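Only one chain is shown below, in structure tokens, and it's the form predicted alone.
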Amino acid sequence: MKLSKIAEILGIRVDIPQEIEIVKLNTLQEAKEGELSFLENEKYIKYLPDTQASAVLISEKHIRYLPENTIPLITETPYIDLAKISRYFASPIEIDEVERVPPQIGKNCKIAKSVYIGSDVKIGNNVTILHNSYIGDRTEIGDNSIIYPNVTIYRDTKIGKDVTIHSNSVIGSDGFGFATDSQGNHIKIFQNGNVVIEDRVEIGSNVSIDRAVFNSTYIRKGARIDNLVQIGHNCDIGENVVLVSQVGIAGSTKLGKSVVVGGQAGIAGHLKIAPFSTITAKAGVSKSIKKSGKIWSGYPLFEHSHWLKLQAKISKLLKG
């Protein structure tokens, strides 16, 4: 979409020295030429001077941080305007029948007749897909992977080799993203990214992994995800991570290598969890964990040894 058209839709007046075609929405730090970004939260100002975005939705007070060649779209509601324009960059839910590209299916695959396979799907060798599963457009599934009954895999998902996904899990559904205006109306942010699952991952039943707003939600190789786990949009789940049943991880949080998260623990969004951390059951993580190899418990979060001492002191107070 031409940048002038985007400005017109949003009601933004802007002087564009030369017409620019915008091909994608992206974050400040990852945007490239031909892409549109935004700044809402001031903690991301540090990314403005180096952004390669062709244009940025931005309030007037932050313009001074922009690179010389980046065009400001001045607005007092950058996040809301991003939500409004995101619908124009969304892929169709399904490609029309007349435009569908036949799937490429490898050798020795077992695919039940009741499986739906979308347009331009690529399936490797020795793949098993059981009854009533849905494989969305442009999905890729690597060799030796097993998809159990009633799994739903949305469009553009990339699945590696030797992956197992158990029944009723949903891969690539929309993330929980919306902007709220001054009247309390929630404006949907269309989730235009995808999910990437690397090799040797096992995903239990009734797991939900949301697609990214931009780019990808990652499940890195060797991860183990138990039943009833929720992973938000743009998360990055590291190699060999273990997530036990009923864990919830909010969007854009990154778990380092070999993190273990106990049952019913919750992790807030936009955090980083150091490699080899252990988070015990029912813990609530509201801040990033920077020290590797430690065990954490409770809410607010303590190192596990300190949490045990705190519980002992509380117990003594109650007895007294």
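Residue indices: 1-based, along the sequence shown. Not measured: the values here are computed from a predicted model.
The same protein also exists as the form predicted in complex with another copy of the chain; that form is not shown, yet it is the one meant from here on.
Student: Residue 266 near another copy of the chain in the predicted bound form, any heavy atom under 4.5 Å?
Tutor: Yes, residue 266 sits close enough to another copy of the chain in the predicted bound form that at least one of its heavy atoms falls within 4.5 Å.
Student: Spell out, yes or no, whether the shortest heavy atom distance between residue 315 and another copy of the chain in the predicted bound form is within 4.5 Å.
Tutor: Yes, residue 315 lies within 4.5 Å of another copy of the chain in the predicted bound form.
Student: Report yes if any heavy atom of residue 133 sits within 4.5 Å of a heavy atom of another copy of the chain in the predicted bound form; otherwise report no.
Tutor: Residue 133 belongs to the contact set for another copy of the chain.
Student: Does residue 306 make contact with another copy of the chain in the predicted bound form, using a 4.5 Å heavy atom cut-off?
Tutor: Residue-level check for residue 306: yes, a contact with another copy of the chain.
Student: For this chain shown on its own, do 89, 252 and 275 all sit within 4.5 Å of another copy of the chain in the predicted bound form, going by heavy atoms?
Tutor: Verified in the predicted bound form; spot residues all out of contact, no.
Student: Residues in which of 118-126, 212-220, 74-82, 238-246 have heavy atoms within 4.5 Å of another copy of the chain in the predicted bound form?
Tutor: Of the options given, it is 238-246.
Student: Can you tell me which bits of 111-125 touch another copy of the chain in the predicted bound form, meaning any heavy atom within 4.5 Å?
Tutor: Heavy-atom contacts to another copy of the chain in the predicted bound form: 111, 112, 113, 114, 116.
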